[in-house]
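Presented below, as structure tokens, is a lone chain in the form predicted alone.
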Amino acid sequence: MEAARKIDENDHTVYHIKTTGRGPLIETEHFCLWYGSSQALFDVSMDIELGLVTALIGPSGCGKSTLLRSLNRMNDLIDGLRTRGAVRFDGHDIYDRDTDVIGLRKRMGMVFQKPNPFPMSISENVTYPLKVDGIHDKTVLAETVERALQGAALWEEVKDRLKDNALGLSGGQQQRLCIARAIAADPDVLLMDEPCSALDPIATARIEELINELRGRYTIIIVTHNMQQAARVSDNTAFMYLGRLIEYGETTRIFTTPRSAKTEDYVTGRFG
């Protein structure tokens, strides 16, 4: 067996491989984040391209989910949070004082690691974001339910039981329902934090098919610990290690001809 190479943790070189050339929707520039005195992200600079799927990969604790949750400022809910640098969404720095954080989160649908449907009917789960916004027109709500469930590839499976409790769905169906809920308000971005980690292989395959179907309609950013999944579903991949962005570029090149020894060691299974 080939011996693992020693990782140089003091080498902070960042490699940017050519991406597809589409314009960026989200840009991070020298972005740093602290939880109290503990620094979780170090000088992260990257462009997330419009309409594509970007995967964030790396070992546990490397900052993938922290970076993802920084994009819709969900980390604001944690005491002692401090940031430096910029995160620009559609040209506007989301950490500016004048940012409408609620409005920002409406434009970024979030899908979590574990399916989290509300204990209410399937249709009420989908329309919940609209009702929170004060939309109660029955025609609009009904159209939204069908559109979102169609978009999440769930409509044909549940159209005859929309009033049933969502908790009665299978795990994979629950996660697709959460995706439907996320897209009901017609966001620009879908943030997915390891959306398949609690699912079986069949449900995982269905979610991956769905991501491919949603590509182009939404800008999708997915955190995944599964490198094969990243290779299957993403256009661009960012490899993170110890809170730093190590390498970023087209997925095929990250997995076949990485420039960083750290990236090569990770994607070939030498560590992680």
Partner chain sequence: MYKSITFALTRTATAADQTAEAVKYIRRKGRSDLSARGEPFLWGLGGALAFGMLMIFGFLALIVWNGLVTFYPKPVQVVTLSDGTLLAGEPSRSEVYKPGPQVLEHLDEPARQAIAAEHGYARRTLFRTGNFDLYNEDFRWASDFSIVSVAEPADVYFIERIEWGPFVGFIRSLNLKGETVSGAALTRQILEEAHRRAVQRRELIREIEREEIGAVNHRLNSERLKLKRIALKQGENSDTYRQAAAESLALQETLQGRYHDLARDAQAVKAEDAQYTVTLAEIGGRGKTIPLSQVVRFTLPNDMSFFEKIRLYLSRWLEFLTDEPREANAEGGVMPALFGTFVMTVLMALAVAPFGVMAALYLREYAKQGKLVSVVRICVNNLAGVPSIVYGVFGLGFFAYICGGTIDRLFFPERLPNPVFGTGGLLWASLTLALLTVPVVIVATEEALAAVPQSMREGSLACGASRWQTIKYIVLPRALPGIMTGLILAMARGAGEVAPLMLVGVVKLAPELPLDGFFPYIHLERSFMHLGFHIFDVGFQSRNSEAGKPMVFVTTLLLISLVAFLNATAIVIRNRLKRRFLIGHF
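Since this is a predicted model, take the numbers as computed values, not measurements. Numbering follows the first chain given and starts at 1.
Separately, the form predicted together with the partner chain exists; it is not shown, and the next lines address it.
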Only one of W155, F89, Y95, Y128 comes within 4.5 Å of the partner chain in the predicted complex by heavy atoms, so just point that one out. Y128
Quick one: of C196, M108, M192, L149, which gets a non-hydrogen atom within 4.5 angstroms of the partner chain in the predicted complex? M108
Within 4.5 Å of the partner chain in the predicted complex: all of A231, F255 and S260, by heavy atom? no
Non-hydrogen atom contact I202 with the partner chain in the predicted complex at 4.5 angstroms: no
If we define contact as a non-hydrogen atom of the residue within 4.5 angstroms of the partner, is R181 a contact of the partner chain in the predicted complex? yes
Would N165 count as touching the partner chain in the predicted complex under a 4.5 Å heavy atom rule? yes
Though only this chain appears here, would R69 touch the partner chain in the predicted complex if you measure heavy atom gaps against 4.5 Å? yes
Judged by heavy atom distances of 4.5 Å or less, which residues of 111 to 129 approach the partner chain in the predicted complex? F112, N116, P117, F118, P119, M120, Y128, P129
